[in-house]
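This document starts with one chain, in the form predicted alone, laid out as structure tokens.
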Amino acid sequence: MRKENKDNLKIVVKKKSIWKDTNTWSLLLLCLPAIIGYILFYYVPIAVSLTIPFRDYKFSRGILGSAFVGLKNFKWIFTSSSMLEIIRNTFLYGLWFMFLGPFTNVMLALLLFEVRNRKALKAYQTVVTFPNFMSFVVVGFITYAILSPTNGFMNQIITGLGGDKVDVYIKPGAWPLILSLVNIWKHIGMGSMMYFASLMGIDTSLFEAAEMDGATRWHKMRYISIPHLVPLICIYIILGVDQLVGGSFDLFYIIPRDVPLLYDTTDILSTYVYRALANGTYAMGAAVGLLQSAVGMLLVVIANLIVKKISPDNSLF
């Protein structure tokens, strides 16, 4: 269909309706079995399981056969004294890791970016990235081998220097530092790779121009490298803000070895939900999990809105 104007000739192509496109329908029919299976075995179970927090769930009766109790399973969350401690631990650890992770990852990426010897760079990257591919079970054994109160590597050094053995598994105050160090060691390698890749994409002419103007290495890092990482940092902070009510189950369960004496500083919502499910209180555990997911999603939306207000170009949506 053609439309003629005085100045130029415009050609308007009328798009074919999707309902009349036989090729599209044939492709959709091929996907139909997978779509039906995905709905039946993914979305339907999720929809049904969302009712567990509102029921007095009994395994013998099933989800739909259990009695509906409304918000009864949520009441104890706001009245339990232990829950306040767990929420405090979850929030403080999440807030600490949300800023500690990007900070250490950016620092390592900037240091690796300054390495000019390619063989040395590959060696450093391999060493720092290797722990990321280790199971947390293996990391837990390594941690225990170092901190063991009997024959741990740390205690061997202490006794060798004439000191007394230290049992950190009865000292809750030591575990915020231990968990922070383990978390950094485990994730810093892969976490820094995205920032390093972003640095590799910077136009080298910017650094050359800065050198001609007399900029030092610190000036180039401050005014060229770090500003290029700001969008990526914002994305990671937005995606990681849900950890304020989440937390890594593996880190807080396997590393402290689920010692009750350490619950004051190592128990978070994820570990509590696991123990609730293990003890058979499915409805209460599901109530905590549902509330945790809802608040986490809300925090991500709020964080994105804040970033969008400050710097629209760095927001996710």
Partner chain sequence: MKKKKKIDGFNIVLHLFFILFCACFIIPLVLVISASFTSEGALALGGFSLLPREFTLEAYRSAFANGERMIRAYIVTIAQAGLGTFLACVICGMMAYPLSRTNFRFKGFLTGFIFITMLFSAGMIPRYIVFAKYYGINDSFLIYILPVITGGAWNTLIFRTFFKGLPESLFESAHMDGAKELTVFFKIVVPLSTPVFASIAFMTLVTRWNDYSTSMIYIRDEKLYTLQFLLQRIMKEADFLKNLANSGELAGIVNIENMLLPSENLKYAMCIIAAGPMLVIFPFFQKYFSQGLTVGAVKG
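Residue numbers count along the first chain shown, from 1. No experiment lies behind these values; they were computed from the predicted model shown.
In what follows, reference is made to the form predicted together with its partner chain, a form of this protein that is not presented.
Q: Identify which of 83, 235, 100, 174 has a heavy atom within 4.5 Å of its partner chain in the predicted bound form; exactly one of them does.
A: Checking each option against its partner chain in the predicted bound form, the one that comes within 4.5 Å is 235.
Q) Though its partner chain is not shown, can you say which of 128, 224, 92, 158 has a heavy atom within 4.5 Å of it in the predicted bound form? A) Contact residue from the list: 128.
Q) Among 202-210, 71-79, 84-92, 135-143, which stretch sits within 4.5 Å of its partner chain in the predicted bound form, heavy atoms only? A) Of the options, only 135-143 has residues within 4.5 Å of the partner.
Q: Look up in the predicted bound form whether residue 253 has a non-hydrogen atom within 4.5 angstroms of its partner chain, and give yes or no.
A: Because a heavy atom of residue 253 falls inside 4.5 Å of its partner chain in the predicted bound form, the answer is yes.
Q. Looking at the partner-bound form in the predicted bound form, is residue 114 within 4.5 Å of its partner chain by any heavy atom?
A. Contact check for residue 114: yes, within 4.5 Å of its partner chain in the predicted bound form.
Q. How about residue 258: is it within 4.5 Å of its partner chain in the predicted bound form, going by heavy atoms?
A. Looking in the predicted bound form, residue contacts with its partner chain include residue 258, since a heavy atom lies within 4.5 Å.
Q: Verify the contact flag for residue 300: yes if a non-hydrogen atom of it lies within 4.5 Å of a non-hydrogen atom of its partner chain in the predicted bound form, no if not.
A: Residue 300: contacts its partner chain in the predicted bound form.
Q. So which residues in 77-104, when you check its partner chain in the predicted bound form, have a heavy atom no farther than 4.5 Å from it?
A. Nothing in this stretch is in contact.
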